[in-house]
Structure formats: C-alpha cells, structure tokens
Ligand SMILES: Cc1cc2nc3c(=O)[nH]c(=O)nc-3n(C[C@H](O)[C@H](O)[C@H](O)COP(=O)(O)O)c2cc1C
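Below sits a lone chain in structure tokens, taken as the form predicted on its own.
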Amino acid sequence: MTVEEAITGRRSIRKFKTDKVPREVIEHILDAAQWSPSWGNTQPWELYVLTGEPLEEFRKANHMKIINGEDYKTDIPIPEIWPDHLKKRYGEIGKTLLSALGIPREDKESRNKFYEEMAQLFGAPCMIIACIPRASAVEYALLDVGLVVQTICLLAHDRGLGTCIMAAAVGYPELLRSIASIPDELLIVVGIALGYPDGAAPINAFKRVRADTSEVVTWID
C-alpha cells in the first residue's frame, strides 16, 4: 500500500467487528506514530489506550449519559458556528450517514439509536485518547495532536484496521479521568475508536466525497 493509497482509502468506520486487536499490533502502530512531526519536536501528545473491562465500563457510562441527555462538557470546545460553505459540507455528511442507514430524517427514534451506538464507539474493541498538557502552547499542541492522530489512523488502515476520530468519545472528560486515571493537568482532546471494520455494514461502504482542490487552493504564480 502506497502512502497515497492509505490516504485516499482510509475512511471513518462506524461499525466494528468484536474481534480484539492484539496488543502488539497497537504497540507497533503507536511506536511508528511517534515519528509524526511536531512543533520544535515537542511531541506534546499523551495517549491513553482503553481495552477490555475499562473500555466496557466507559462504553456503558458514556451511553447512559447520552440517554439521560447530559450536555457535553469537553475540555476543548466543540465548534458551534461555521462559515456557510463548511456548514453545508457538515450537513451533507449527516444526510449521507442517515441515508446509508436507511433512516428517514423524521425518524427521530432511529436517529437517537444511531447516536447511542456512537456513544458506545460503534462497538470498537479499543479506544485511544489523545491528550495535551494544559501548560502547553495549546494551539500548536492541537495541531500536533492532529498530526499524530492522522498518522495513527493511516498506520491502522495499512494493517487492515479501521478507525473513527470521535468527539463523542471525549464529551464527558471527568468520566474518562475517573476510568483511565487521566490527571487534571492534561486536556483531553479527542478519541480514536480502533478495531476491525465490519465490511458488510452499509454505513462503512457509502460513497465519500471531498471538496475539489479548486475550492481550497489558491495559486500565486
């Protein structure tokens, strides 16, 4: 697999098989991901890997919070306002997901069920939580987290694994701090669901789209 094939072939997985991912495979991915670039080679990320019982504890508690309607209290604010063209893309992926699941927009019960599956990480047998120190230059550290998260996802894809980068995994930071013993001096940034993709699931097979480069690239000749 070439780098280009990994980049264009990797997709967000929203239904995983129950098969466990061997620890040595995860360790190999994380070892290689350490070569991700970072500002001044600071490597500000700190990663927590949840599997087994701790992950099941999180999955159940996260699910209950969603059912009870608790608002997210993320360490890193979730964007609420977007320029119109970005909001349009965001809305379109939502419609595509519901369509792939065969859920009409007006079917609120089925939509809520999907959100509950999201809260349970779509059945992934592993979750990686990316954190940064509160004392860091947060804006730069967030860029660095994006780099290492992308690298992890590409390495996972290369080994036949699937990933989903999820804000829904970090909506309740105190829950994660309790289960994973994440100290207060770390900001919890994002979660990565990791596992083997369910290739038979329509939600993992819909046609993806990206903006044409003419929309995002300006040439100065």
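Model, not experiment: these values are computed from the prediction. Numbering starts at 1 and follows the sequence shown.
As for the form predicted in complex with the named molecule, it is not shown, yet the points below apply to it.
None of Leu176, Met166, Leu50, Leu186 but one reaches within 4.5 angstroms of the named molecule in the model of the complex through a heavy atom, and that residue is Met166. Proximity to the named molecule in the model of the complex, defined as a heavy atom within 4.5 Å, holds among Ile26, Ile66, Val190, Leu155 only for Val190.
The stretch in contact with the named molecule in the model of the complex, judged by heavy atoms within 4.5 Å, is 115-123, chosen from 115-123, 79-87, 98-106, 129-137. In the model of the complex, the named molecule sits beyond 4.5 Å of every heavy atom of Leu142.
In the model of the complex, at least one heavy atom of Ile93 sits within 4.5 Å of the named molecule. In the model of the complex, the named molecule lies within 4.5 Å of some heavy atom of Arg11. Residues of 136-156 include none with a non-hydrogen atom no more than 4.5 angstroms from the named molecule in the model of the complex.
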